[in-house]
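The chain below stands alone and is given as structure tokens, in the form predicted alone.
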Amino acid sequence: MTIRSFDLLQPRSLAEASDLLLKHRDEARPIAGGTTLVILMKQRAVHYPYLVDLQSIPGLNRIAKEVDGIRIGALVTHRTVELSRLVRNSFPVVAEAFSTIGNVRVRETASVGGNLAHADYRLDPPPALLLLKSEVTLFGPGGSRVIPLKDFFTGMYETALEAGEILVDVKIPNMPTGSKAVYLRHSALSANDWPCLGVAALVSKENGRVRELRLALSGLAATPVSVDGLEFVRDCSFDDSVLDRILGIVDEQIAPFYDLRGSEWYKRRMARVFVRRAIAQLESQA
């Protein structure tokens, strides 16, 4: 099926792109890699008379090292993140999460900003990025603003982006000293399909004692979940009683629903399996 005709607008700056989005409102959408938007337009599921091409704006396709972390531009592709030596050395959990998306052809085209702005509840990158307390920079009519990624997702396919705003980059702070992190996904259908669920876990230790546990999950609610209430694990060991308490907290904070990849019951069971597996993997690396 062919795409209905549209005008491709090519701004040269964020300010110009914002003005175009604000001018055309619901008749316009930004396009970066286009791996999702183009498919939806081909299927006639959506139509926008105007597409604002972010590829024409310089400077959005860089990964930059900063004193307190790294900054990934919105137009950086998944494949670039996956293969980046800087990301792999500093944040291997992030490289791992991006490496699991679709297939190489998709990852060579799809962009970091487009992935997050799409706000699908099954996305692979958000758990790893939430785990590290990442922030996103947004640019709009009022200028730039920075918000925690956990506040960016507001509902299924809904974000905190306001009229005329564009996601510019993602800032990932340095990992805590003595910490390790892992991302695991469970595919109920094919390996290239959307995951049934994704689990990211981080454990920080000092002198062999647990200082912090972080967990973030996708596919288990309308938005990715950053688990709260895990402070009690400090100075604990991950014995059965502690793990049961952790799993109980996770179960209270997720809200899975039926889709082609599993029932609510199945997803809750798999969440328990993969949280346990993620913690066990980190313990084995200690």
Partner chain sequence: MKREITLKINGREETITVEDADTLLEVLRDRFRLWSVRESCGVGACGTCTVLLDGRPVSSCFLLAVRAAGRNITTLEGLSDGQSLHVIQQAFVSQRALQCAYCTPGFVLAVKALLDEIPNPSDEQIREYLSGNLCRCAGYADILRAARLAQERQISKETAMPRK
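Positions refer to the first chain, counted from 1. Model, not experiment: these values are computed from the prediction.
Omitted from view is the form predicted together with the partner chain, to which the following refers.
Would you say all of 10, 33 and 108 touch the partner chain in the predicted bound form, counting a heavy atom within 4.5 Å as a touch?
Yes, each of 10, 33 and 108 comes within 4.5 Å of the partner chain in the predicted bound form.
Counting only non-hydrogen atoms, choose the one of 57-65, 214-222, 40-48, 240-248 that falls within 4.5 Å of the partner chain in the predicted bound form.
Looking at the other structure, the answer is 40-48.
Consider residue 103 of the chain shown here, and say whether it contacts the partner chain in the predicted bound form, taking contact as heavy atoms within 4.5 Å.
Looking in the predicted bound form, residue contacts with the partner chain include residue 103, since a heavy atom lies within 4.5 Å.
Going by a heavy atom distance of 4.5 Å, is residue 163 a contact of the partner chain in the predicted bound form?
Looking in the predicted bound form, residue contacts with the partner chain do not include residue 163, since no heavy atom lies within 4.5 Å.
Within a 4.5 Å heavy atom cut-off, is residue 150 in contact with the partner chain in the predicted bound form?
No.
Report whether the minimum heavy atom distance between residue 180 and the partner chain in the predicted bound form is within 4.5 Å.
Residue-level check for residue 180: no, no contact with the partner chain.
Residues of stretch 58-85 in contact with the partner chain in the predicted bound form (4.5 Å, non-hydrogen atom):
Heavy-atom contacts within 4.5 Å come from 79, 83.
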